[in-house]
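Single chain ahead, by itself, as structure tokens, in the form predicted alone.
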Amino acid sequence: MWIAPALMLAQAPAAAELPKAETVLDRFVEVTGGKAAYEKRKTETQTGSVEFVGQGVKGTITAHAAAPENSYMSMELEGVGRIEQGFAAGVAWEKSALMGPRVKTGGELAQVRRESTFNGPLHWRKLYTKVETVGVEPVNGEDCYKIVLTPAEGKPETDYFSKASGLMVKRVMVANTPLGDIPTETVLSDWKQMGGVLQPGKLVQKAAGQQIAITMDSSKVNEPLPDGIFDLPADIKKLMEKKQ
């Protein structure tokens, strides 16, 4: 069937009207506080609670972070014990009563490095080699721009940003783990002022048939951190010495 050229142009794909991914990501920085607010932040300590939904396992979470890419997180889970993980000086590690200590390598190391970059939203150009807006999809009834971010190492991540507010609503990615690659979906909500910028007060992650809900209660920035908080634990040092 012949269609008039004018009619074809009128029905051109809406994809041409999508904003560039760069625009969406920069807008996110602005609506959460702006570049100046992020740059004032040098360290942060967050505390909150964690629940493995439907399994009766609850606990607390404490996270410390510092520029440029230092992180330490500890979870105390009822009936399970402590789970720790950290990143500093290019080394990513984890230890728990169930799995013992281990050093992360390859794609898992690259993933932790990205996640440990302080003020991550401000540095997306350094963290990803390519970003692209691929469409609009609803998340919990809210229209969102779907952005695919490709890092130099590792699989692409997909973030969803609200068209109305500019805030990030969901992240879908493949997590590198000792059990292999595991698809994950994290929904972010309850955005509020914490540590000088807007941050999600609640994160719900679905992965491998489990659902984990994290609620962040407090955030303190630019205050002294515990001495040696980013130092490698002794058992992690021993593992590294054996590998060398």
Partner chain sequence: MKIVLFLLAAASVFAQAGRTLTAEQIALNVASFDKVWSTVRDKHWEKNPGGLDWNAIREEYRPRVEKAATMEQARAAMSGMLARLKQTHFGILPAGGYSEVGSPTGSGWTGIDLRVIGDQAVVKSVDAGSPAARKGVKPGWIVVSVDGRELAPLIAKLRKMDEQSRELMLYRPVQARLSGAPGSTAKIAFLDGGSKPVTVEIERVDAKGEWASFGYLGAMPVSLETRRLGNSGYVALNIFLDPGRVMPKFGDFISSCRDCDGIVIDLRGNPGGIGAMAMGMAGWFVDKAGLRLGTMFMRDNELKFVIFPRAEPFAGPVAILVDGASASTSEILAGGLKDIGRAKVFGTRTAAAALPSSIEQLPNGDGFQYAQANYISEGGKPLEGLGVIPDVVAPLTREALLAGGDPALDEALKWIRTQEKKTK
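Quick caveat: nothing in here was measured; it's all calculated off a predicted structure. Positions refer to the first chain, counted from 1.
Another form, the form predicted together with the partner chain, is not on view; read the next lines as being about it.
With the partner left out here, the partner chain still marks one of 141-149, 74-82, 125-133, 154-162 in the model of the complex; by a 4.5 Å heavy atom cut-off that stretch is 74-82. In the model of the complex, none of the heavy atoms of Pro68 sits within 4.5 Å of a heavy atom of the partner chain.
In the model of the complex, no heavy atom of Arg171 sits within 4.5 Å of the partner chain.
Taking the partner from elsewhere, Gln205 is found to have a heavy atom lying within 4.5 Å of the partner chain in the model of the complex. In the model of the complex, no heavy atom of Gln193 sits within 4.5 Å of the partner chain. Not one of Ala37, Pro121 and Leu225 places a heavy atom within 4.5 Å of the partner chain in the model of the complex. Residues Glu94, Ala97, Leu98, Met99, Gly100, Pro101, Arg102 are the members of 86-103 with a non-hydrogen atom no more than 4.5 angstroms from the partner chain in the model of the complex.
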